[in-house]
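As structure tokens, one chain now follows by itself in the form predicted alone.
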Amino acid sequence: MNAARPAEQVLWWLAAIPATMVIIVGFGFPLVQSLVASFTRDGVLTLANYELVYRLYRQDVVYTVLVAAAGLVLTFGIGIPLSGYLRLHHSQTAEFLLKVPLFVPFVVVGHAMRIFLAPRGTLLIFLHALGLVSQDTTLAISEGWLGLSIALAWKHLALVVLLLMGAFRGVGEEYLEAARGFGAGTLRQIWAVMVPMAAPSIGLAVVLSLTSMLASFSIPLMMTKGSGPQMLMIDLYHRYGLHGDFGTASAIGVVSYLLAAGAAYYYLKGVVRQ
């Protein structure tokens, strides 16, 4: 048994080589290249790219963080109670419907939400049919931060529900029965038992959703007019695709990376403490 361990370890190292090379070649090398380019202009080391990012795009940095934060609040404000309820009251149909957004491309979500939330869109027609708004009412949320947050939340809700359902199902039935024995209802079982016991999985879901929302491109591109604050990925695309300014585009990319890395750092710090 012990004689086989060195050979087994060699096989594990060999098996890890392709995945490691993909990370180095596909992520590590472009990251280093972007870092170097962000501090370079015309072959000279400089902070000019970051000065331009601060001057032109600092509002977009704040806007991107706020939209992602609002999307997270919506996603987990709906996802946690919904996943907890489905853990206690199993429904295959509801679970299937909640996972549908996983199979809808981002660009389709952006187009659908633009129509649904338009000033005279589908949502307004429903509200008018229910008698909740007058015929002259218009909605102005499709092109703002609220519409964008709703679209991002809808797209990411399926992944969050999938992760949380797995975590909540890992909570032993004996804990829930004990809580019910003390008179805990559905909400009490979710917030007092399931959420604390599934905290690491919830933290992972938060980090994955936040990084994905910060990197959103298709949905903001479909839902915004091009004026006013923009998500950072739109700025990066315009800076490089339209202006050919690789240095400033790299600086925007580094800022986005730091935003995402900050969330990952706090999550990993919590995991190490545990």
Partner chain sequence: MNATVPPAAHQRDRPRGLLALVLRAALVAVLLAAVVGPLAGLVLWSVAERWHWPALLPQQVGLKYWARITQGDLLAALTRGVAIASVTTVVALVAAIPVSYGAARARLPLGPVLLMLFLLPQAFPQLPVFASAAVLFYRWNLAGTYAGVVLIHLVGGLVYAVWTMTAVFRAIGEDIEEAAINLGASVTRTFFRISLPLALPGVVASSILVFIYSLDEFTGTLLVGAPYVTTLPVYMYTASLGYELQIASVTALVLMVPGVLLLVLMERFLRAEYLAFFGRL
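Residue numbers count along the first chain shown, from 1. Small disclaimer: the values here were computed from a predicted structure and weren't measured. In this text, the rigid core denotes the largest set of C-alpha atoms whose superposition between the two forms falls within 1.5 Å.
The protein also exists as the form predicted in complex with its partner chain; that form is not presented, and the subsequent description refers to it.
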Counting only non-hydrogen atoms, the one stretch of 66 to 74, 53 to 61, 40 to 48, 234 to 242 within 4.5 angstroms of its partner chain in the predicted complex is 234 to 242
Among 140, 112, 197, 146, which has any heavy atom within 4.5 Å of its partner chain in the predicted complex?
112
Taking the shortest heavy atom distance, is residue 30 within 4.5 Å of its partner chain in the predicted complex?
yes
In the predicted complex, does residue 230 have a heavy atom within 4.5 Å of its partner chain?
no
Give a yes or no for residue 129: in the predicted complex, does one of its heavy atoms lie within 4.5 Å of a heavy atom belonging to its partner chain?
yes
Contact of residue 188 with its partner chain in the predicted complex (heavy atom, 4.5 Å):
no
Any residue of 119 to 142 that, in the predicted complex, places a heavy atom within 4.5 Å of its partner chain
120, 122, 124, 125, 126, 128, 129, 134, 135, 137
Core-aligned CA displacement of residue 17 at least 2 Å between the shown form and the other one:
yes
Rigid core superposed: residue 132 CA moves 2 Å or more between the shown form and the other one
yes
